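Only one chain is shown below, in structure tokens, and it's the form predicted alone.
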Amino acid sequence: MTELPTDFRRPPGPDAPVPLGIDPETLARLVVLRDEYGSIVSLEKPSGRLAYFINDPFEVRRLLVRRHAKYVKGPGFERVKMLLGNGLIVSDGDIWRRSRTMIQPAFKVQNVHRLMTVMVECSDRRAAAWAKAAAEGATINITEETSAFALELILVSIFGDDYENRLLAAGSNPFEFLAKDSTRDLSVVMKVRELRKLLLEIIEERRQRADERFDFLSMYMQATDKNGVGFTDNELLDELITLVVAGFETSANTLNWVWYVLAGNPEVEAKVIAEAERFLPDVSAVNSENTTAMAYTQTVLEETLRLYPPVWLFTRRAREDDELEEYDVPPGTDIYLSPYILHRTAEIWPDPERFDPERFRLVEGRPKKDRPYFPFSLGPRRCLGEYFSFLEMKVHLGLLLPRFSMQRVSEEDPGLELAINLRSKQDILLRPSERH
């Protein structure tokens, strides 16, 4: 390890090296370190590199918001980069700033609202399948169902008419493996790379037609930087793949957990149903004003994301000297931040294992921007699709929950799959019945 100056202010931590990855063992180790050494812990990795685990809300926010420029993506992103190329999630520096500036207009609120019709249509297709299962007394795999819903939604939002005309032309969805295989191993990476040829064909066809249409692909193709230069083909493909993968995983996993927790919390479920019946009595009422008014549903989603954040572990690497309130951060230090652990720390969230949407009503009167909560990250790298995700989940729940009652097939905890994304270890099975 690089020799540190004698006046270096180092946080407390263990003497022996600590291996860290993106796996269940790492979660267990980080919890033990927090319990033994406090909210900021220093350790040496087996490679000799210095690392900090930061579980202090103030320091997490300062690092991700005000000091973000001092850091780049940390360890664990190698597999993500193989899958997504150099898209927005994995890029750094000038490349990231340029891409972010070009993509951000596509996620303006008014653009997202234009896609609400797609959200309704995808929810209707789920309703038809669930009604059939209810009539037959069958169970449904809600993990697969929410994945299918979110994947279809993001693909139609990106490709518009080309979803049916080009992606489904061979009779099946070529992206379907993303919803069925959560490993994100080399075989998945190769399948994604094979799809780049098809996406490039769609892009070329659009350029030749030059017709006006509204979807994310059109907005990305029209995007330019401050010099009027658009994305290259490779850049565009990287950003599209990033949008497909990130755009469906977050909502799919969150809705999977939402249906599970609501099936075990009838009082909360009743309040969501009452709110949905008030603001979304039918599909004609689905608009931005009514979905915004669904404040209790918002707290249910936020509480679910507190317990099950889509990305359970963030990593950064210091590119230059920095400092925390009481400690120094040398260049090259790996930083580990865990929304999962922070959101379940009792000193910050009382009775943290309990599902309680009411805690998001005011959070002790604290301004929303100061909440110790970062399921979508914070600062300039906060997820651009956050509003899109909340909106699609509100439409989905608002239309389907009043119609379908879901009963758990098993009371056994489905467990956690702690990989790049946090998923349920076991698929969740529910038995639907129609309410009316």
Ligand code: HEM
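Residues carry their position along the shown sequence, with the first being 1. Remember, it's a predicted structure, so these values are computed and weren't measured experimentally.
This next part talks about the form predicted together with protoporphyrin IX containing FE, which is not shown.
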Quick one: of Y327, Y296, F231, W96, which gets a non-hydrogen atom within 4.5 angstroms of protoporphyrin IX containing FE in the model of the complex?
W96
State the residue from V300, L83, C122, V311 whose non-hydrogen atoms include one within 4.5 Å of protoporphyrin IX containing FE in the model of the complex.
V311
Thinking of T254, R382 and S389 as the candidate spot, does protoporphyrin IX containing FE come within 4.5 Å of a heavy atom on all of them in the model of the complex?
yes
Is the gap between T250 and protoporphyrin IX containing FE in the model of the complex 4.5 Å or less for some heavy atom pair?
yes
Would you check, heavy atoms only and a 4.5 Å threshold, whether F376 touches protoporphyrin IX containing FE in the model of the complex?
yes
F107 versus protoporphyrin IX containing FE, in the model of the complex: is there a non-hydrogen atom within 4.5 Å?
yes
Any of the heavy atoms of R100 lying within 4.5 Å of protoporphyrin IX containing FE in the model of the complex?
yes
Based on heavy atom distances of at most 4.5 Å to protoporphyrin IX containing FE in the model of the complex, which listed stretch, 352-360, 126-134, 85-93, 272-280, is the contact stretch?
85-93
